[in-house]
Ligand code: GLU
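Only one chain is shown below, in structure tokens, and it's the form predicted alone.
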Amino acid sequence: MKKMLVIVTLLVMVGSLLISCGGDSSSEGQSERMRFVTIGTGGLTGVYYPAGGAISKTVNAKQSEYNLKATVESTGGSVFNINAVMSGDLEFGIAQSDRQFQAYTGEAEWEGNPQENLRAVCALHPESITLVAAADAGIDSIEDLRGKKVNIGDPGSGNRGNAIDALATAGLDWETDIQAEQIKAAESAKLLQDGRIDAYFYTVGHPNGSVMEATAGTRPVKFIPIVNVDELIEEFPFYAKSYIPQKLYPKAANDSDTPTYGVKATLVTSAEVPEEIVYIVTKEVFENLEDFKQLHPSFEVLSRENMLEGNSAPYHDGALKYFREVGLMD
């Protein structure tokens, strides 16, 4: 009986070992066959989340060919995404182009700690510096803001910094040349319709609900062009030219698209992410750009050329490989 018990025990142990090994082998094989990457985005109601979803959808359309599956994670936005990419918690993240610049050069939240392994993949939709003015305020250019009541955004906001840069480029001092309000940009539509301000700046992707609210009010409004910004863009590489599509705001008192400039939502990664994976993601977005543009209204203005504007960190080798293959870069 003891011998029999020993034999049975040994058989059970061997069987368990075989099952365990078989399971591990299968798991390892599955792991080799399918790779996973996560894209950090932003809040569920913003544009970053659908932007990440559009990238993952485009990549996953060829999931079986590349053995690569992309997933999307809602996050706190630019700063969180850059830090998570740098720590290896995310493979990709969407970040505002000025944040990309600050992280790589060691400024703002990264003061004295430059993120030298940060890599750019491409730019996505523009977040335009939008100047909205009441049609009855006598404002046709940014220079006409002199002496007017203008909301530039709350202290500490990126919107406020962008507005001050725009004013300075036009030769205006925000402290002395305008009557500056410093209220959250999202509250500007009501202020304008109530007659409490003449104009406001809002750095935002289009279409935007708050801007739609402003154009749909009883007080007619229009977009004011912001031009002559070449020197500003040369000084601050995170800025890029953009425009506000008229068709997105049919109730605005404009006859055509409005030229301006702004920051870009950019796709970033780490130098530690394998070249092949970054190459695949870059290739699928660019090769399917027309389909990609249909996935969200903010993407309508994208072109292969303007997706290379506004990036300030070095491009990842995987992205460079694709850009060189198709002649977008030397």
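Start at 1 with the first residue shown and count on from there. Keep in mind that what you see is a predicted model, and the values were worked out from it rather than measured. C-alpha atoms forming the largest set that superposes within 1.5 Å between two forms make up the rigid core.
Omitted here: the form predicted together with the ligand. The next part is about that form.
Considering the ligand in the predicted bound form, the lone stretch of 163-171, 76-84, 133-141, 233-241 in range is 76-84 [heavy atom distance within 4.5 Å]. Remark: G46 counts among the residues lining the ligand in the predicted bound form, judged by a heavy atom distance of 4.5 Å or less. The ligand is not shown here, but in the predicted bound form it comes within 4.5 Å of a heavy atom of Y202.
The closest non-hydrogen atom of G106 lies beyond 4.5 Å of the ligand in the predicted bound form. In the predicted bound form, none of the heavy atoms of P259 sits within 4.5 Å of a heavy atom of the ligand. Here is the short version: of P225, G217, G158, P245, the single residue with a heavy atom within 4.5 Å of the ligand in the predicted bound form is G158. Using a 4.5 Å heavy atom cutoff, G42, Q96 and E127 all lie near the ligand in the predicted bound form.
Taking the rigid core as fixed, one finds a CA shift for A186 of 2 Å or more between this form and the one not shown. Relative to the superposed core, G52 undergoes a C-alpha shift smaller than 2 Å between this form and the one not shown. Compared with the form shown, the N306-T130 C-alpha separation increases in the predicted bound form, the change being 3 Å or greater.
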